[in-house]
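Before any questions on how it binds or moves, here is one chain, the form predicted on its own, in structure tokens.
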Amino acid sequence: MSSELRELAESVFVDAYDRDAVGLDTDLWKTCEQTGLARMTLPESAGGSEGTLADAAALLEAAGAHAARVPLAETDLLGGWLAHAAGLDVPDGPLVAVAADLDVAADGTVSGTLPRVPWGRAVSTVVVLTGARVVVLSPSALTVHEGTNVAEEPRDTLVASGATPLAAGDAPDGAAEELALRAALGRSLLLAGAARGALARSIGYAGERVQFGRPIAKFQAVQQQLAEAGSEVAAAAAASAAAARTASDRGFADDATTFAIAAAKSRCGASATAVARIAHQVHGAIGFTREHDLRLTTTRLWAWRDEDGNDSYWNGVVGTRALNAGPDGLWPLVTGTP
């Protein structure tokens, strides 16, 4: 299933690729909705495709590789999941979910600020986890202060002032922890894809760029750099895929899933730094220009590395778990075997 899905996703994202465009790709989003890619893991009753987390992993990795301008992780893994888990109807269109401490009035209206909401201006609905409640808000009821990350993806601040939710319900147990883990997992998979995309562009450029009468790919120093980048891409792919597999097998409440996702986000963050550096070294000055599409992957690597928990945060989670495991528990912790 995942191999067929990967082929479909690669085809869809390649066809939609536009290196000069920014913001939500509405045509690509419609295609994702029509092909069932937009709500991959949600149940059919919630408008989903009932796919697995392995399917979602294949989809998001491909989206990252081709810099797809659609909120797939935000809609499927976060917004759709949270609304469905709270017993609410899953809204149509692109979604996003965030955790925030909103003021809830006696009449049910909410007030507060939602900082740096991914795709905030473009989504149809914002699903907010506030305390033990889940509220569904329309962006039209919010004041939108537009912002972007370094990759020019929308990261908007949304302000609610007495906004009336479209729907509200009780949050499931452990919602805050699972929402954070789902966000980190989705970001890890996108990072792994973006790293693959940057490496592919670097290999292609090294074969085209001629210096001293031969392609620079013939020089041993460049080959060594590309080999190092290849190892980083493989490590990121393995760690993020293992995290998705662990979450699928054990659920997000299992401590092994927390460790696997922490390790994946940490590993993908380290790979992002290394791959972006090598890609720009191989490309030289042209890789830093707006005219060259290398920026579409490397700026995403830099931005996503710091989103949904940066390297320092997830390294701390991994280190704490390792210390708590002690000498006898370290090997089972690392291998995932009792």
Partner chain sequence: MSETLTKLPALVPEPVELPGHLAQLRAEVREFLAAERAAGKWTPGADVWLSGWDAEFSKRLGARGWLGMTIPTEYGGQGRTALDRYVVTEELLAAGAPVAAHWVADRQIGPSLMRFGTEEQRRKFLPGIARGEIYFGIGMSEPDSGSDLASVRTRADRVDGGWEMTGTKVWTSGAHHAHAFFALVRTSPKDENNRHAGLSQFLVELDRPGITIRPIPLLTGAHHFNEVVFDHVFIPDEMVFGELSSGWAQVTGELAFERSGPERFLSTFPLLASLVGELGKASDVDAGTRREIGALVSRLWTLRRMSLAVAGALESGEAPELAAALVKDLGTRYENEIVDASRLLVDIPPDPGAEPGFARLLAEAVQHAPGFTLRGGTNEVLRGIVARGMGLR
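Numbering follows the first chain given and starts at 1. If you're wondering where the values come from, they're calculated on a predicted model, not measured in any experiment.
A second form of this protein, the form predicted in complex with its partner chain, is not displayed here; the remarks below concern that form.
- Residue contact check for Arg182: none of its heavy atoms lie within 4.5 Å of its partner chain in the predicted bound form.
- In the predicted bound form, at least one heavy atom of Ala65 sits within 4.5 Å of its partner chain.
- The shortest heavy atom separation between Ser3 and its partner chain in the predicted bound form exceeds 4.5 Å.
- In the predicted bound form, at least one heavy atom of Arg196 sits within 4.5 Å of its partner chain.
- Segments offered: 219-227, 95-103, 143-151, 120-128. Contacting its partner chain in the predicted bound form at heavy atom distances within 4.5 Å is 219-227.
- None of Ala238, Ala253, Ala167, Ala176 but one reaches within 4.5 angstroms of its partner chain in the predicted bound form through a heavy atom, and that residue is Ala238.
- Of the residues Ala243, Ala73, Val134, Ala163, just one reaches its partner chain in the predicted bound form with a heavy atom at 4.5 Å or closer; this is Ala243.
- Residues Asp293, Thr297, Ser312, Asn315, Gly316, Val318, Gly319, Thr320, Ala322, Leu323 are the ones in 286-325 with at least one heavy atom within 4.5 Å of its partner chain in the predicted bound form, listed in sequence order.
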